[in-house]
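Let's start with one chain on its own, the form predicted alone, as structure tokens.
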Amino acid sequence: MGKGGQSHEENMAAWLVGINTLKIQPFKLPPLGPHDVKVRMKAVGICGSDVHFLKTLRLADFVVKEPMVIGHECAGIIEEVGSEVKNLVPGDRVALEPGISCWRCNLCKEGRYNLCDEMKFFATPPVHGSLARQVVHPADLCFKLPDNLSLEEGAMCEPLSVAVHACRRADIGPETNVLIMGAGPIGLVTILAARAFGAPRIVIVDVDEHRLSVAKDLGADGVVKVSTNMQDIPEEVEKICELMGAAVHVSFDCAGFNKTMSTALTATRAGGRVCLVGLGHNEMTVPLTPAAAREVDIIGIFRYKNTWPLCIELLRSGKIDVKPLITHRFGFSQEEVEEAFETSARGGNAIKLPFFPNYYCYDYVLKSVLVGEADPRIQNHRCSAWGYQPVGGGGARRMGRFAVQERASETVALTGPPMETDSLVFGVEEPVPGQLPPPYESIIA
């Protein structure tokens, strides 16, 4: 018998049941083992691999042959712990590392458990994922979050782990100038990780102006808009080197296409390193012989290992801030799940799109004000139904674990201009008797 409260509600999850078809359906959990915990999911992000599975039912050698629960970037709250679990208790807020290795093979014994042939990884067929109200997971893969980190940030430990593992593999440090190919979510978190590891100069390239502007805002020293034409590589490498103002010691290819890898191999100095992070093409034609003649080392990465404690510390200390990468928020309804995946697949301004599987979802929300605090910037509020009481000056006083619903057109932003009408969606949680609300920050960019 596990320790913690028993839930009698039916567990629901987002099932991938066919190409471009997701259904919210019941999801029966496995029994709670002595070293397991049951986690109530609070934030689950969409990864490019999730979208790829939705569009094609396969990714590389992994093929979806039967319905599968999607999602693997996640954080939540412990509801129940197994009889042998000593480091976690019900109520703890945790980020989940999604891969369960065998711990018996030689690779696991060597500490390279991310390469285990028997890896059971969330939402990698045939293993079910975490876009559900509840999941059961090994306690030693659930990492407690400090009080100053949100559950959203906890879920972002997963993509950040890819970048941290890449920086470790490429030996990034204070004397390493970095080139990043691709300004998608992984390219953007690689900017943050490389800077935290000490990289003095970072240049990033992409075909999309908006993503390059985001990269610049995140601290890239230079950005280069490139084409998809292989013939443009010499000219683009010249621009890259000019912006870098020094040698490129390490290049991260966060896309994994013929052109991005060819550009990285050409731009990297003799004796440098190219780390292949993105896996866009299964096979590539690249100038390998010229790179070998200059002793450019090619490094591969696959997922990550032993990264969650460092990611949490980098976030806790403020050395990395992932909040600007969270551009959209969705609740856990059939309509919103479909909309979220469509938004992610379109790209555009979308970067990271977390779900909130245990929230009751409305249109838009402003800052959650702590108990007893009034914020006069919350205007035109609908207080009574969501646990707020009106106070002087048009503000609201928080009385429970709720957030104020606002329409974007009626909103005065807390930290900037009014939100665009399609900017984000968030969920409003049920109150927990006797429990103070978490210190949410403004979600308005």
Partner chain sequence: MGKGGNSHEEEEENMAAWLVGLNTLKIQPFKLPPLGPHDVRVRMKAVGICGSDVHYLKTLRCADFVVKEPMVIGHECAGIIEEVGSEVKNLVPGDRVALEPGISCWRCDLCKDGRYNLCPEMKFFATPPVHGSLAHQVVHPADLCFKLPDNVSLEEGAMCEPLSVGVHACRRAKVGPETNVLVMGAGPIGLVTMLAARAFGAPRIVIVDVDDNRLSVAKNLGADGIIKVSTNIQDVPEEVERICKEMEARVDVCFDCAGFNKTMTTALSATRAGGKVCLVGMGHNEMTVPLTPAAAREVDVIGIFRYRNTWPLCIEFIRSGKIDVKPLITHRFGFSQKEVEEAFETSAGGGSAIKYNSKDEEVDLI
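Residue numbers count along the first chain shown, from 1. Because the structure is a prediction, the values reported are computed rather than measured.
Just so you know, the form predicted in complex with its partner chain exists too; it's not on screen, but the next bit is about it.
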Report summary line: Answer key, its partner chain contact in the predicted complex at 4.5 Å (heavy atoms) among 238, 217, 147, 117: the residue is 117
Report summary line: Only hit among 210, 168, 294, 316 for heavy atom within 4.5 Å of its partner chain in the predicted complex is 294
Query raised in the report: Heavy atom to heavy atom, is residue 270 within 4.5 Å of its partner chain in the predicted complex?
Result: yes
Query raised in the report: Can residue 100 be called a contact residue for its partner chain in the predicted complex at 4.5 Å between heavy atoms?
Result: no
Query raised in the report: Does residue 290 make contact with its partner chain in the predicted complex, using a 4.5 Å heavy atom cut-off?
Result: yes
Requested in this report: Check whether residue 282 has any heavy atom within 4.5 Å of a heavy atom of its partner chain in the predicted complex, and answer yes or no.
Outcome: yes
Query - Per-stretch contact check against its partner chain in the predicted complex, the hit in 188-196, 331-339, 271-279, 217-225 (non-hydrogen atom, 4.5 angstroms) - result: 271-279
Report task. Report whether all of 112, 286 and 298 sit within 4.5 Å of its partner chain in the predicted complex, measuring from non-hydrogen atoms. Result -> yes
Requested in this report: Check each residue of 233-266 against its partner chain in the predicted complex and list those with a heavy atom within 4.5 Å, in sequence order.
Outcome: 261
